[in-house]
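Here you get one chain, nothing else, as structure tokens; it is the form predicted alone.
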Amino acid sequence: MVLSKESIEKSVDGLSIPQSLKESLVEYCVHAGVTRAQLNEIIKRVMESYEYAKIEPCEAVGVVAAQSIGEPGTQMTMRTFHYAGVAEINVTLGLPRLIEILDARKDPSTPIMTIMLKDGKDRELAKKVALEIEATNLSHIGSIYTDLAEMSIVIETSEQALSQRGLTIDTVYDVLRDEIKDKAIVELDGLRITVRPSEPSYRSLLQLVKLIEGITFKGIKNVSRVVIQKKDDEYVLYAQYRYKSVEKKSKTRKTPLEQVLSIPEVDASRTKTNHIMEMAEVFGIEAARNSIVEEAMDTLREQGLNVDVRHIMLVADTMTVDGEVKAIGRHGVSGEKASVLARAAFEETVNHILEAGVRGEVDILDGVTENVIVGQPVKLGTGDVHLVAIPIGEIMKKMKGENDGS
């Protein structure tokens, strides 16, 4: 007799396995339509596999994880991937990307946002959102030249370029006037805009040109390119941008990802970026931890390398355990170890030993590195087990005494 979903859930609920595994087990059993005998056999085999997959006590998980990531890392290439037909968008891959992730760089070389839409099947909507996101500067809508005789800057706009970007000359004029404010006088004549500095001088003219070239008339500042690609049956937007975590000086100033998420057509639950520090800033530390795992696995997988996800998860957990993203290096995890010898063995040996001597630090020799240095057994595996030999005669006497007492 085929069991109901409720019966399967009741049987699976008491098992000491992760919740995600329970849900998958219930889903597969309901789909297959199992009987009581089949369910018992499935549960027995799942529990056996789960016990086998568990890490044994005293296992040197850190060393194993380091070896498992480090060895395939030697086979990684140092190349850059270009999106098909788009020279402007490129993604750092291979060893440089893996180093970037583990170093928790505040300014990765190629931040890319993957933007999912609520209605991903509508190509026109995708185009509209792409124009809302991509920064429109003066170079996209016209040209600029300096008239030294008249001590003015002339902006020639193209009607076709304005139309393609969904802008009007009035909008451009208003934005320009707001950005320049009291620094110059702005005049509109058809598709031509003339800008005259308030204080006529070559210096103010050059500064004004630089200011005008940097104005964003539409879209999100620092988003240099947006590419639309069809993935499965929906359109996905890939946005290349520039963002440094140090740029956000106030809580009111939004990051590029926050600005994208505020667009109504964007699906905030599926939109992400490969900028791990920004993920932590916008979504929190758990999202950053998942991002480290995902980015590292994608980088290794793209190179055809098969590394067990648990090694990467251990690294991600170590990097984020304190509630902030820390690098695996002297400025992060390795530099904050309690052991003086472990810190000295990694980098800046003399500095660490000198500082420890000044402070009068004590090394309790509890970790792997420091025990290897002093030539003691490492407190892992068999080195963590202490055996005490008791003569059999004493055991027999003790047992005899307990029996007599009872």
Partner chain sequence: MSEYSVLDHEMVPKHEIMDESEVKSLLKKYKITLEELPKIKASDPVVVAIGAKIGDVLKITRKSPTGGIAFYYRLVIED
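Numbering follows the first chain given and starts at 1. Since the model is a prediction, treat every value here as computed from it, not as a measurement.
What comes next is about the form predicted in complex with its partner chain, which is not displayed.
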Distance check, residue 113 to its partner chain in the predicted complex, heavy atom within 4.5 Å: no
Contact flag, residue 101 vs its partner chain in the predicted complex, heavy atom cut 4.5 Å: no
Close approach of residue 190 to its partner chain in the predicted complex, 4.5 Å, heavy atom: no
In the predicted complex, residue 146 touching its partner chain (heavy atom, 4.5 Å): no
Position in contact with its partner chain when the complex is considered in the predicted complex, options 285, 125, 161, 131, heavy atoms within 4.5 Å: 285
Candidate from 107, 119, 156, 258 lying within 4.5 Å of its partner chain in the predicted complex - any heavy atom: 258
Heavy atom contact within 4.5 Å of its partner chain in the predicted complex, the stretch among 170-178, 287-295, 195-203, 326-334: 287-295
Heavy atom contacts to its partner chain in the predicted complex at 4.5 Å, residues of 1-40 in sequence order: 18, 19, 20
